[in-house]
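A lone chain, given as structure tokens: the form predicted on its own.
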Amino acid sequence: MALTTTPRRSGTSPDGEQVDAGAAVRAASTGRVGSRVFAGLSTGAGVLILLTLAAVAVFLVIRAWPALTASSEELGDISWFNGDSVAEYVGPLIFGTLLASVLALLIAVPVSVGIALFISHYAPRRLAQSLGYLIDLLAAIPSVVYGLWGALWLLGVVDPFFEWLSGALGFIPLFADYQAPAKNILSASIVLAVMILPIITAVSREVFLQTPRLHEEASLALGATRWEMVRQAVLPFGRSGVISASMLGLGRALGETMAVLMVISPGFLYSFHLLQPGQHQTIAANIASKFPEASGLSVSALIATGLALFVITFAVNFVARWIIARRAEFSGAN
């Protein structure tokens, strides 16, 4: 009985080399398996993130529910609780959190944009690289170190400036009636501004570096100066990126705990007196200060304030992602 064998199929590649068809099929099959495995792992990672976020939200709602449904008499038994409901208690905390974060943005964004423009369009290459690394390293400093720096050094430095500011502009309620030491909302905002500065700077720098070279050269060819080129080509291109970076920095400032706790003198008021201590407090710092001694319903009240912070932070990050998604449409790159 004669045995028959199937000949190996082979061919010639365009460059004249012999190609084993069986090996090509096996390689393609292996590639498809790897693609399916990678797709499954990626999908699983994405689903895991969504499940984790949902689990955190469910945990906050369940643990905060006793405080949300408690009567004013039950809440009144908590020694440090102010107000007749959770909404009345968390209101000044939300106000203080937003005020400190907005002030930090007002301080950090102009400085960050200036540093980003200097690194991307003005500094020599070696200096730009070194400065970029230094800015990135600022993001790795723990928040407690920033708090120590603010409490032990910054407060003494800004005290004469705040005295002058209150004396010169005291007729404006924002700067009236300064009281030393400078443990007020403005000092906390300065510390927060330093903390979010590397985030805004890093994102803005990368956006500015992506400005089409032809746009810059066209502006310079028309006789524009370096600043006019930046104003006409770079800033319009990176506008949405700067906004996105600012929103990311705002998300960091909203949730900051230790630095604010170590710098500010807490209060529960709706006040715009930026230089007076004992006026404001943030949600995160309040939780950190009250949680070690809390038990029972007081824990639920603190978790309810954490739920409010979770909603605010989620909304801020959602808006930031929405702006980033629209960047390609409005950046002027198309």
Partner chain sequence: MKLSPRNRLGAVALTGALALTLAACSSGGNAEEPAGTAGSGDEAPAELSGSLAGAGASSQEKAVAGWIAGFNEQYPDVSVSYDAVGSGGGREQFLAGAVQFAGSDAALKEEELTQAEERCVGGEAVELPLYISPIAVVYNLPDVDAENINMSAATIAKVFNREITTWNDPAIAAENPDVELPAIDIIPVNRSDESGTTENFTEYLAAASEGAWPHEPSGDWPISGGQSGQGTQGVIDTVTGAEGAIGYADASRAGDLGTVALKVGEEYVPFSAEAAAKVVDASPRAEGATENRLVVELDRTTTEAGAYPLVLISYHIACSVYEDQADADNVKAYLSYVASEAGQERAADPSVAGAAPISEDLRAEVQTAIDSITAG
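Quick caveat: nothing in here was measured; it's all calculated off a predicted structure. Positions refer to the first chain, counted from 1.
There is also a form predicted together with its partner chain; it is not shown, and the following applies to it.
Not one of S101, I200 and R252 is positioned with any heavy atom within 4.5 Å of its partner chain in the predicted bound form.
Stretch-level contact analysis of 62-70, 304-312, 48-56, 289-297 against its partner chain in the predicted bound form, using heavy atoms and a 4.5 Å limit, identifies 289-297. Using a 4.5 angstroms limit between non-hydrogen atoms, L261 touches its partner chain in the predicted bound form.
Not displayed here, its partner chain is approached by P181 to within 4.5 Å at the level of heavy atoms in the predicted bound form. Using a 4.5 angstroms threshold between heavy atoms, L152 counts as touching its partner chain in the predicted bound form.
Contact check for S271: no non-hydrogen atom falls within 4.5 Å of its partner chain in the predicted bound form. In terms of contact with its partner chain in the predicted bound form, the residue from Y122, W164, Y133, W80 that brings a heavy atom within 4.5 Å is W80.
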